[in-house]
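One chain comes next, on its own, written as structure tokens: the form predicted on its own.
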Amino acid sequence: MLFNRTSKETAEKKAGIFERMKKALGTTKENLVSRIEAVLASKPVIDETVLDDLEGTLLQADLGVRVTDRVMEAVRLQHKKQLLSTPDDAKQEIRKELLKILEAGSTRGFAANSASPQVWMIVGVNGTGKTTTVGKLAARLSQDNRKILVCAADTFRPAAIEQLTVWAERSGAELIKSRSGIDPSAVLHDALSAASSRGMDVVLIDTAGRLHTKSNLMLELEKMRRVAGRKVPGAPHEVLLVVDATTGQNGLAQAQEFMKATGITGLIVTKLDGTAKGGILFSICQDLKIPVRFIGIGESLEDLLEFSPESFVDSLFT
């Protein structure tokens, strides 16, 4: 785990997080699980018509073709073996396959803590909540008695620097920034020099939002990776892509392009509260085999949660 807590604190925290997650994912649950239940309850027995309707429901719930094919293959196999006698049997088989998908993506843990400082690049397109997420991460890590330095490398947007300044003050993190329009790699270089001299534990780099289709901006990210690697061995240790859940399958296209350009190590999925498209998590994990690290279920500091595949699936199916 990323955060150190006693077993009692962990249990209490987990229970509270689960209830909040259930509430936040209510719309996704309605779009996915409630519709699954309606299809399965449409006939007294599960037959091919029901299975065909079930397949269409999964596709409409932003699970994507590959996830739907995998789930339906498992369901049809169990049906062929006459092991699906009730709607609940089918629902549990779907739940099991979806959990497998998320767990397969989450087997890669956080980067080892041997390097100092840890360097995390936060990337994504405009409008995903990237800068706010950097601020929330700084606050969460600071609460775990880590010395955090935030690098304001989104030099194209003055508002991003202003946002991070506020978050750094709130979280107790230190901030390295420069004037708008400066080369982001130069700001990064200064930030990593400062982090090493001040004994920082983690450096969070807020990069400029960019369209995943703009090759010149992607090349700039690669330059920043090289600068980081020259200053700190093995850096960046994490490259976290912020994906807006409300974009649905477009989020998968973004992840694929960022994966090619920057070697994404994990995802932060934001705006899950109130969207029916939370199923995109399964699609990204299935296609790219990268873990979801954190999820955003609201606007407050406490609404950035460390991701648990089991809790996520349980919050949908319970």
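What you see is a predicted model; the values in this text were computed from it and never measured. Residue numbers here begin at 1 and follow the sequence given.
The next section is about a form of this same protein that is not shown, the form predicted together with guanosine-5'-diphosphate.
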Query raised in the report: Using a 4.5 Å heavy atom cut-off, which stretch among 65 to 73, 265 to 273, 281 to 289, 23 to 31 contacts guanosine-5'-diphosphate in the predicted complex?
Result: 265 to 273
**Report entry** All of Asn126, Lys136 and Arg157 within 4.5 Å of guanosine-5'-diphosphate in the predicted complex, heavy atom check
**Finding:** yes
Query raised in the report: Would Gln118 sit within 4.5 Å of guanosine-5'-diphosphate in the predicted complex, counting heavy atoms only?
Result: no
Query raised in the report: Though only this chain appears here, would Thr247 touch guanosine-5'-diphosphate in the predicted complex if you measure heavy atom gaps against 4.5 Å?
Result: no
Query raised in the report: So in the predicted complex, does any heavy atom of Glu299 sit within 4.5 Å of guanosine-5'-diphosphate?
Result: yes
Query raised in the report: Does the 4.5 Å heavy atom contact test between Ser142 and guanosine-5'-diphosphate in the predicted complex come out positive?
Result: no
Query raised in the report: Exactly one of Gln78, Ser178, Ser185, Gln163 has a non-hydrogen atom within 4.5 Å of guanosine-5'-diphosphate in the predicted complex; which residue is it?
Result: Gln163
